[in-house]
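Given next, in structure tokens, is a single chain: the form predicted on its own.
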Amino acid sequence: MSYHFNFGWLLVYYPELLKGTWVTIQLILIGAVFGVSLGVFCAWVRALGPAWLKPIVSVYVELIRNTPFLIQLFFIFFGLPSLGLQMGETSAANLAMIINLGAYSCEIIRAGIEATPRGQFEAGASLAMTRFETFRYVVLLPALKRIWPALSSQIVIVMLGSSVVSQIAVEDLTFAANFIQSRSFRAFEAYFVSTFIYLTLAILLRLLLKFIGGRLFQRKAAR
């Protein structure tokens, strides 16, 4: 029996696809902004921060980097309510993505910090800067410039990994594809289109991050 490919019928479900795509975009925007911010803070703690905070951050980083993202998502959504911490599906997904990206970006950013010449730290100290001021004004942007391609790739990976949030009924792009497939029984077309949309989002996200990096580091160089 031959299979007849037909994509025209998907036009009926374009609202679901648009909604799912927009939810995925929102997830990665929130996850990237807050996840990288968390990663910067954790990288500062591990490289230059107070001694009492380093073990706490180290445990967090190792725990997240050595457990599956899906388990982390289930723990936040299903486990935390047992402790009285209730949250909705989207909030749980956002929190899981922030925590996950924060741990991975921490190690990437820390590598950039540790590659900073010691002379820059000494220059900051000679200007009576605190360790945090030296990190903020002297070290951070050059460190980010060194690791920006790796950090950009990690953000894209987290965006693609967000597809599992459909397991807790977040109505993202994968949720939309599953819904369409369950109604039409045409799995090939539904998942082919969702794959194409994920590919497009990944390419656009890489271009956006490349643009942001270019503007950010060019402005620093001009200063």
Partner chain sequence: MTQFTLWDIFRNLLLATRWTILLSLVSFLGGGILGLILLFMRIGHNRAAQFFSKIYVEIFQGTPLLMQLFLAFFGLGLFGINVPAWLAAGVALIAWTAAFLVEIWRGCVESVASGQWEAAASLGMGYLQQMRYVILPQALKIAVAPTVGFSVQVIKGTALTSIIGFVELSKAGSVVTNATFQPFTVYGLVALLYFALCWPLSKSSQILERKLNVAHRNH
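Numbering follows the first chain given and starts at 1. This one's a predicted model, so the numbers in the text were calculated from it and none came from an experiment.
We do not show the form predicted in complex with the partner chain, though everything after this point is about it.
Participant: Within 4.5 Å, heavy atoms only: does Arg206 come near the partner chain in the predicted complex?
Facilitator: Output for Arg206 is yes: heavy atoms within 4.5 Å of the partner chain.
Participant: Is there a heavy atom of Gln86 lying 4.5 Å or less from a heavy atom of the partner chain in the predicted complex?
Facilitator: No.
Participant: Tell me, yes or no, whether Val57 is in contact with the partner chain in the predicted complex, where a contact means a heavy atom of each within 4.5 Å.
Facilitator: Contact check for Val57: no, nothing within 4.5 Å of the partner chain in the predicted complex.
Participant: Check Leu63 for me: does it contact the partner chain in the predicted complex (non-hydrogen atoms, 4.5 angstroms)?
Facilitator: Yes, Leu63 sits close enough to the partner chain in the predicted complex that at least one of its heavy atoms falls within 4.5 Å.
Participant: What I'd like checked is whether Leu38, Phe41 and Trp52 together line the partner chain in the predicted complex, meaning each has a non-hydrogen atom within 4.5 Å of it.
Facilitator: Judged in the predicted complex, none of Leu38, Phe41 and Trp52 sits within 4.5 Å of the partner chain.
Participant: Output the sequence-ordered list of residues from 190-209 with at least one heavy atom within 4.5 Å of the partner chain in the predicted complex.
Facilitator: Stretch hits, in order: Tyr191, Phe192, Ser194, Thr195, Tyr198, Leu199, Ala202, Arg206.
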